[in-house]
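Listed next as structure tokens: two forms of one protein chain, kept apart as structure 1 and structure 2.
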Structure 1
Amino acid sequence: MADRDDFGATLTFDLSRPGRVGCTLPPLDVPEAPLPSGDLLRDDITLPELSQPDVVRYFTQLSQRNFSIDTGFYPLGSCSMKYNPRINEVAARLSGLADVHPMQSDETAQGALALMHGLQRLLAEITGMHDVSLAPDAGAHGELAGILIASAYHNSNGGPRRRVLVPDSAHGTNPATAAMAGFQVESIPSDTDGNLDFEALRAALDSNGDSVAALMLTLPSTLGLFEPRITQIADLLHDHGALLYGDGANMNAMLGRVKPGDLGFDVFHLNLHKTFSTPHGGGGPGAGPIAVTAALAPFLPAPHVRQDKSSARFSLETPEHSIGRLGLFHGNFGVLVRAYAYILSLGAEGLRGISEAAVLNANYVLTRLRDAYRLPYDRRCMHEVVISGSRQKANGVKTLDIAKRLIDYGFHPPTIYFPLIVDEAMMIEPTESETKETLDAFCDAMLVIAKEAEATPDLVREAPARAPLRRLDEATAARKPVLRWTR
């Protein structure tokens, strides 16, 4: 096998030996069919020939090169890469839940439907909204559902509205979602304190308010800040007949403390795979339920779970003015099970503890790093803090260099260069699940790197020094990826 120190440079093709096999196949139980003619066979996709131990050891060692929340601190801002209790994994794997088939009749799936209905009601209570749909399969999917609902709602009230307002600090999916839904997207700037520029919003509404369908607002914002004028923003939008859409990707900063419905939101999506216990990363699975007011409930996507009050029987329904189906079947059921178990096991007090710890941890990181890095908005943050490497850039050390150097200290880098409105941004989200010792170790590394950027900038610019792979040509890798082995 390859040496662990340079593992990754040696591929399975390099280990291949002619005639070596990793498994034996049973005798054919069907008639043998002739192979196609030789001129149709390709010789450029030959598979490696390895023994079974070689295969197992290769991929086991390769997996050990992966960074994960089980092996280290993962401070990706805006992603909530937090530890999730294993009991929720056990719940999702219970045979009665894991083996249920989406095409079973309602009569044989009452337990699963009861769980979904219960989760709908729990999320409605948590958000302070009238009703919830579990159909969206991801956060951006929930955004699309919410904007399609806004469009359908306005169309039902006598005419289309074609403008959607989006803060300049928003997640990139917000303007993309609005454009995908056929809206004209208009950016609203942030003010000097990092809040939405209220006067710019007023001007955008006063100019042609009856053409605005909604404002898509992330709360807390991607700057990690709470919007102090949120109720005034909601009132201003409603005065012009527009809706307030809430990107709830950062809901773990508000759990048990405030309900979006009480703040004036009309539709609010949640990322169950961030806030409510599903391991996040790797492209899925996810779930992005949307919570809505009573006025928007008839437009929820299908299917929606309802309970007959007389028989107590659960069934799937299509709301009266539904925007229709968003995908096959009933969403990512395993994610829904984990969220249901997570909420019930924690209860109201536990959910409140999540937001309290998340906000406390982020402000602790802010306090420890404030003198070494520039704070673009020097105020109390929520669950994540955005700092800037602009001071270090003056010595020729960029934020990317700082992120690479963190790898040498055993930490996954935070989100960098986002939000876009902050120069040399680093967005750090410690989450509620990390200990003070872990946060201190991370902050100690960040402080050492800040000193290195002054004293030995070349050391930081050449990092990482102790990783299996150093720096890649990321632009070429993205534009001209090598997706298969060639001789």
Structure 2
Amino acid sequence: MADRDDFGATLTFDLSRPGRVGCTLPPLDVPEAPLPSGDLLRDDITLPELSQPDVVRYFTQLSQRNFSIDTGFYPLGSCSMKYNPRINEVAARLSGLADVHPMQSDETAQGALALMHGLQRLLAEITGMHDVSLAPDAGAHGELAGILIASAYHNSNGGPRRRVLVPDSAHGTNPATAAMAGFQVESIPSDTDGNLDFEALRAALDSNGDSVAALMLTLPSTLGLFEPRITQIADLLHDHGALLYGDGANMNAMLGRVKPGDLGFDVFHLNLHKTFSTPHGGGGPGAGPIAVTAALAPFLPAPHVRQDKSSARFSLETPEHSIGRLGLFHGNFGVLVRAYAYILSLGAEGLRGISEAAVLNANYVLTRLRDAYRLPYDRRCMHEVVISGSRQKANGVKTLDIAKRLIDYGFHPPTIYFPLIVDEAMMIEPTESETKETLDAFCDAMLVIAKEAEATPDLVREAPARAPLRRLDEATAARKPVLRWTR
């Protein structure tokens, strides 16, 4: 097997030995047809040749080199690293869900369509919006759909608008999405309390105001703060004929407490892999459904599930002025199944319990860390708290070092260096899944690290010492990229 000291040096291609096989396939039980001609036929392909135990052992050993929610506390801000219930995994594997072909007739897929329709309705109720599309495969995909909807809406209501406003605290997908959809992106600053600078927004709208298509706003913001003027912001945009786009990455703070639709959002995307417990999978699959107002519903992407009133049968349809299709089939159905199961297991009361515990836990972490670290905005937070390592940096210990030191104490670091407007930012999202004991252990470690940053800074700067690897040379990786195995 692989070298235990340099596990990364040996890939499946290196373990390969000619003649080994990992599985068997049925024998040929029909006559052989002549194979394609030589100018089409592949003569060789380099793929690993491994026995089945080789495969299982290699990938199992590799799995042990991953940190995960199942193995420890993972307070990665704005990612809602909550427990992923196992019943959801069982559900997604039921043959009547996992083995349904996407091109089957609607008649033979009624169960799958009923589930999708049910989820559309549940998410519409949770967000307080008119209708929902389940087609987007991730948050950024939902953003693209939402902004294309805004574009199509304006094109058919008074003509094209070219500008999209994005707060300076926004996640990078917001400006990237707006640019991808052909918009000019303008940044709106935050004020000293961490809220959107209302006067700057007004100024942006007043300068050629009818050219603004939408403001993309994350609520609560990436600073973990609720925007107290949210309804005034919505009114101001609407007065200028612009739309309010909601990035729902932080919906975990609001579940069962407030409906984004009531606050004036026109489009709101949800991340099922964040708020609704579907596994993050090392970077997906996720799902990014979008919820919209009645005015925008005709523009939703295809396909959309509708139920016929008289027959109660479900079918796939293309909305009247649809922006079109976002992907090969109907969205990440397997992810939808898990989110559906999650909502049904909680009900309204359970959803409210989620946001309550998430917000209480984050405020507890804030309270425990506020003396040791700088708090850039001194107010209560929602489901996540942003602190700064600027004090420690003055001592030569950067936020990156603090993050790496947390690994030595057995925790996944928070999101770091984001949002960009906070120097040496650490964004901590504990979620509702953690016990008080875990929160205390984490806070204790953070407090110890703050002391270490003063007393033994080298210890922090050289961390991690207890991970499978020490710090990696990312500069050489980018200067001389090695992106694949070679012989």
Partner chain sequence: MAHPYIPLTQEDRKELLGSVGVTSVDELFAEIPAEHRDPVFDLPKALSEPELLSYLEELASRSTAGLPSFLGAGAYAHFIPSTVDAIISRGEYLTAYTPYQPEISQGTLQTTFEFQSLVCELTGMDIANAGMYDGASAMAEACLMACSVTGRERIVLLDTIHRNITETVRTYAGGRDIEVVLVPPSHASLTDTDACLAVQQPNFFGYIEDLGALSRAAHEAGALFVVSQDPVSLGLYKPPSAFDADIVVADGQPLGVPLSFGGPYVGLFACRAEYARQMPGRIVGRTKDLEGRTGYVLTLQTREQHIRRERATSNICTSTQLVALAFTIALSTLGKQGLRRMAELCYHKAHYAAGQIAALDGYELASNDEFFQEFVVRCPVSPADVNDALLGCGMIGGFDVSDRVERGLLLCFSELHTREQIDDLVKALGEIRG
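Basically, rigid core = biggest C-alpha set you can superpose within 1.5 Å across the two forms. Model, not experiment: these values are computed from the prediction. When a residue number appears, read it as a position in the sequence of structure 1, where counting begins at 1.
By the stated condition, namely the form predicted alone, the first structure is the one that fits. Residue displacement note: Asp43 has its CA displaced by at least 2 Å between structures 1 and 2 (rigid core superposed). Once both forms are fitted on their core, a CA shift of 2 Å or more is seen for Glu32 between structures 1 and 2. Once the rigid core is matched between structures 1 and 2, the CA atom of Arg479 is found 4.1 Å away. Overlaying the rigid core between structures 1 and 2 leaves the Cα of Arg20 displaced by 8.7 angstrom.
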